[in-house]
Each structure stands twice: as structure tokens, then as C-alpha cells.
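Just one chain is shown here, as C-alpha cells, and it is the form predicted on its own.
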Amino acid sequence: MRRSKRLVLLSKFLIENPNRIFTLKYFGEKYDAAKSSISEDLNIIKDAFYEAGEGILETIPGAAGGVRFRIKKPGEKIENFLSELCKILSDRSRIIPGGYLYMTDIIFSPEYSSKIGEIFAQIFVDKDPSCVLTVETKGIPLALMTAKALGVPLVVARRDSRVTEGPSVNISYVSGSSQRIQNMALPTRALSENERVLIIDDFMKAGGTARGMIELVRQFGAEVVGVAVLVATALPVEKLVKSYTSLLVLEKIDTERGEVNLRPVKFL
């Protein structure tokens, strides 16, 4: 195979398999090339990724080492995307009676959800999560794209246990906004004690659902390494979770004037 073709396929493979370590031997066998040629190819790709602001290609030393691609976008690029997202979501046509904001089309859009997932992955990759957890249903696209960008599995908690998933751990928690008792269930096979769990959701008001997921993880003896949401409300200031990350903050929805006050969070 000519180098030009191999570079394309190598780049595609690395982007589709982020945060995973691959040896030069693996690539040599996959593309029928010498290790020296693969090494030169990877140096070219590394420079291209860095200059384009798409990510970094790390060299892992040691017997079990190799190379690993990690998504890393420039802070300015992320800020521009979040500002664009704020502008889209602040459209008065998105205001729903009752003071809610329609976000479903953005959350379920592969274009937007993949970019949001990459941002979450970039923020938490150094926490070394081994899986991503969310609760059905609207948080699933964001959590799935985050899991993909991290190269780890997705785990989904349900409102009720399912017979088809076997024995489950069930908990009851109090919703922070409505103060209603809710249920959450996760199959016993979904998590193990040594898991490092990143919790992802679409929206947070008081933090009741996030707190429920944290408690569910604790029932398995696993560790929560982070909690992240796309949008969090400014009020109440004190949430039911001590630490969380949100990309956007919803200050206020004025249904009478048709105004949405939404701002991006600067964290990079």
C-alpha cells in the first residue's frame, strides 16, 4: 500500500478508536508495512492533528506501550461552538409553556451531540473513567458520544428494572425540582467494584437525578470520577450534588417577553 493511502486509513482508524493504545506491530500487520514506515506515518499524522487542532497523538513507552489518540480541541474552538449553541437554544420559539426549553432536536442531533461528547471527554479524560453512566432517555445521545470519544462503554440506568436484563439494583431518590420520589435501576452486571464512572446528563435544575445516579454507583461499590451536564440552571445555586460541570448555564426564561437568558461556561 502506498504511504498516501496508508496515512488516510491510519488517521481514520485512530479517530474512530480514541483513547486506546495500539502498538507499531499491530499497525504493521494491519497495513502490511515495516515498523519504521509506520513510525514515520504516525509522526506525520501527529503533526497534522496538532496543527489542525483535532487532537494529540501520544507515545506510550514500555513493553505494553504504543500510540494513543486523544481528542483535544483548542479552547477558542470550544468557546465558539458553545456560543453558537447558546444562540440556537435562545430562540424564543423554543420556549415551552411552563417555563421549559426545547432541546431535544439538539441533543438527538449526531452533529451536535458528537461535539458535546468530545468536549466532555476532553474535560474528563485525565480522570481515567472506565465507563459512562446516564439515565434514560434524553441523556443517552450525549452519554453515548462521550463514551465513544473516551473509548469506554456506556451504561444506562432505567426508571424501572427489566426482566430481560436480569437481577438489578434498585434505589429510590427524591427529585430535586419536583420533590417527588423517583425510582432508578441498574442491572447487577452493568458495573463492578473497580469501575470509575463518569455521569452524563442533559439538564440539571436542583441535581436530584444526578444525586440518584451517584447513590446508585455507590451501591455497586464503584467510584464516581465526575458529573457533567449540558445545561444547568443558575437557580438554585446550591445543588444536591457537591461538584459538577455544565457547559451552559440557564439564567432565566421569561415566557411573557419570550426571552431566554443562556450563557456558556468558560472552563478551558
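All residue numbers refer to positions in the sequence shown, first residue = 1. Owing to the predicted nature of the structure, the values given are computational and were not obtained by experimental measurement.
The same protein also exists as the form predicted in complex with a further copy of the same chain; that form is not shown, yet it is the one meant from here on.
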For a further copy of the same chain in the predicted complex, the stretch among 122 to 130, 81 to 89, 192 to 200, 103 to 111 with residues bearing a heavy atom within 4.5 Å is 103 to 111
Whether 95, 153 and 156 all lie within 4.5 angstroms of a further copy of the same chain in the predicted complex by heavy atom:
yes
Does a further copy of the same chain get within 4.5 angstroms of any non-hydrogen atom of residue 140 in the predicted complex?
yes
Decide whether residue 52 counts as a contact residue for a further copy of the same chain in the predicted complex under a heavy atom distance cut-off of 4.5 Å.
yes
Are any of the heavy atoms in residue 9 no more than 4.5 Å from a heavy atom of a further copy of the same chain in the predicted complex?
yes
Consider residue 47 of the chain shown here, and say whether it contacts a further copy of the same chain in the predicted complex, taking contact as heavy atoms within 4.5 Å.
yes
